[in-house]
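The chain below stands alone, shown as structure tokens; this is the form predicted alone.
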Amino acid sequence: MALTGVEIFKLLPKTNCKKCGFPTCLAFAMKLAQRQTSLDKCPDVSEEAKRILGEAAAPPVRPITLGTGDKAVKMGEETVLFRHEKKFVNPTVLALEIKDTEDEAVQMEKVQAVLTSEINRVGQLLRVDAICITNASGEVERFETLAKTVAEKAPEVPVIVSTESPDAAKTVMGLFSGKGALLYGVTEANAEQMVPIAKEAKASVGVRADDLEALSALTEKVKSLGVEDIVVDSGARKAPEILEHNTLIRRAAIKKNFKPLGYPVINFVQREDPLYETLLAGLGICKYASVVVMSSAEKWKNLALFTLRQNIYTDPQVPMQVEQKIYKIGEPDENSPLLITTNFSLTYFIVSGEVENSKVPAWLAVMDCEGLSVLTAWAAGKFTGAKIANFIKESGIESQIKHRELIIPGYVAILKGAIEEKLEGWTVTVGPREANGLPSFLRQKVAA
């Protein structure tokens, strides 16, 4: 059972040293009880207290890492049911399934689809995170051939090995030993044979059962066999089941602190219809899946799921923002136009994208407004004539351009006079109200 704030407080040093970032030990204890901070923030806590508080302080959903190196992805570690309570921590892992029954050409196409899936969206690199190799044939040799191909062609990509055959698992897992793989396919019937294989390969274990009660018993059995890094599959395959089971699992872990279900969830959503599969994958992303396994990775599908996942797993209390500086769009020179906007990530990427579409090289001044959009920043007093003038003076752009003209967003045309008053010798030009008007605006300006 989770400890209350008062119970935790009794185990703390009670010095009110503020080293943890909180004004008192009681305040820290209350936050710890609410799982809004971690025990390691207290440098003076005793070893005995660590032992007692360790389990209480641990996140209700166990953190697990899939893969190693730069492309490793974290799962679990979640502490809330709803993102507005705090935030969701580790984004859903998107995995592409490759079956050993598929043609070699299809297998290679899927490997390439994963390797080339990475895109940059609002400053974040997004990709299909993992490959799930499935022993659909039931044959050890065919499965081994596929595993060798994936290990050779995509050595850095995290791998899920999906089989219920201990023989196939033992043959294949050696290829991914020490690489943070996930051995999926552990059931009540084969657990005693499969778990030692996962332990030897230093892999996590993916367990499958047909209902939540059986799933709880199976995780306890796997844990007793010596593996604690577990990913759970309740057998849900249809949308209503995924919604129901994932919610019940998360509620049991978060609200009831029910340890047998306190693990990341894996959903298999493979469908022949890619649109239907995308909808099911989206459901998994929105409703607590730590891993979603798909059968295809079309570019349009990736973009839709990447965008959804990114939105769900950003902190709703902290706007996404980019660094304040002067950005080069294309190869601008001393005569290229200078535009200004705020550092809200979406604003920056929309504006920079439209400037790129114009084919006109330009300088884009991005001003720190605490991640607010243009109108919001202006209304909040963070995007004013004086602050804009000060930013331009301190940016060093005056030494890089010959002209003294600044293009401001049309929505804040009211700032024109104030900026010109503060920026002596400069002319302020009011640009389009909407970013999609920038291409024609800039082309006409250059042609004039």
Partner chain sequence: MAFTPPKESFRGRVYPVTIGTEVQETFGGENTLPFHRFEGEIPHRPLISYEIQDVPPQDWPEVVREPYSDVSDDPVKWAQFCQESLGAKSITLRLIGTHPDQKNLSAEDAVKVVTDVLNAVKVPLIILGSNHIEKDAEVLPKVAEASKGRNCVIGKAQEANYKTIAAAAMASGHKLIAMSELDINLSKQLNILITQMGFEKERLITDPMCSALGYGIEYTYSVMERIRLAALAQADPVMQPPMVADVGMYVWKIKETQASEQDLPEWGSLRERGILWEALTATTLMLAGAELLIMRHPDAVSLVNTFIDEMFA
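Positions refer to the first chain, counted from 1. All values derive from a computational prediction rather than experimental measurement.
Keep in mind that the form predicted together with the partner chain is missing from the display, and what follows is about it.
Shown here without its partner, the chain carries Ser216, Lys256 and Ala304, all of which come within 4.5 Å of the partner chain in the predicted complex through at least one heavy atom. The partner is absent here, but in the predicted complex a heavy atom of Thr278, alone among Gln107, Gln321, Ser336, Thr278, sits within 4.5 Å of the partner chain.
Here is the short version: of Ala209, Leu375, Ala154, Ile350, the single residue with a heavy atom within 4.5 Å of the partner chain in the predicted complex is Ile350. Contact check for Leu248: a heavy atom falls within 4.5 Å of the partner chain in the predicted complex.
Mapping the unseen interface onto this chain, Glu244 counts among the residues with a heavy atom inside 4.5 Å of the partner chain in the predicted complex. Although the partner is absent here, Thr314 lies within 4.5 Å of the partner chain in the predicted complex, judged by heavy atoms. Within 4.5 Å of any heavy atom of the partner chain in the predicted complex lies no heavy atom of Ala72.
Here the chain stands alone, but in the predicted complex its contact with the partner chain, taken as any heavy atom within 4.5 Å, falls in 353 to 361 among 89 to 97, 144 to 152, 325 to 333, 353 to 361. Taking the partner chain as positioned in the predicted complex, the residues of 112 to 129 that bring a heavy atom within 4.5 Å of it are, in sequence order, Ile119, Arg121.
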